[in-house]
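Here's a solo chain for you in structure tokens, the form predicted alone.
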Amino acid sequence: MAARTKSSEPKPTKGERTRARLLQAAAREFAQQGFDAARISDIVARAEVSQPAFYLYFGSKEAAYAEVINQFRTRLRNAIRSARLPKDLEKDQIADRVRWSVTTLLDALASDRDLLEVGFYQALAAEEIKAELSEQIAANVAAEQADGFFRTDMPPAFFANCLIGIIERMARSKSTPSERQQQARFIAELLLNGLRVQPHS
């Protein structure tokens, strides 16, 4: 059987589109109003569906909120997974690959400002999300140290927490894709080389 191409993938059903629209509307309301002040009536009005339709997909406002948080978590997990340096990476490609990894993470955070606001700054689970993100980054770094890419006297958890602090600040800025690439370059150079003047080769 031939592999299914992107163009031949099944289109979302009407129900799937409605659910996605409700989640997008919920993320906007939670981001703008906060969980307590957000109302289901405003979510359904923004999504242009009936209130019974909301309860068809989500049993409560809490359930919709949990799904918004889960979307954000999944996006971050995928970004960190793709950021892991491949074992066969050439040493002279490390800097470029680290810049790409940081850009990927910044883009993942910036791709939906509502999810970012809810998941990274507002949610009661925000600190838990950041801790999980830090653990994933630390696991990547530990593996990359074992592969000989980085010095081994730097605790992976310390590095991960430092990166999270930088990313948390940068993610709040409403930067363009080109600005995020520049930010990623500065972050990568800072992490790899520090502030010391590098000797000319």
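In this text, rigid core is short for the largest set of C-alphas that superpose within 1.5 Å between two forms. Just count from 1 along the sequence shown to find any residue number. Keep in mind that this is a model prediction, so the values were computed, not measured.
Not on display, but discussed next: the form predicted in complex with the DNA.
The candidate site formed by R77, I80 and I164 is entirely out of contact with the DNA in the predicted bound form, as no residue has a non-hydrogen atom within 4.5 angstroms of it.
Using a 4.5 angstroms limit between non-hydrogen atoms, E62 touches the DNA in the predicted bound form.
The DNA is not drawn, but in the predicted bound form it has no heavy atom within 4.5 Å of K11. A residue is said to contact a partner when one of its heavy atoms sits within 4.5 Å of a partner heavy atom; T18 meets this definition for the DNA in the predicted bound form. Proximity of R39 to the DNA in the predicted bound form: non-hydrogen atoms within 4.5 Å are present. Per the 4.5 Å heavy atom criterion, the DNA in the predicted bound form is contacted by stretch 49 to 57, the sole one of 49 to 57, 65 to 73, 132 to 140, 154 to 162. For Q181, the Cα coordinates differ by under 2 angstroms between this form and the one not shown after the core has been superposed.
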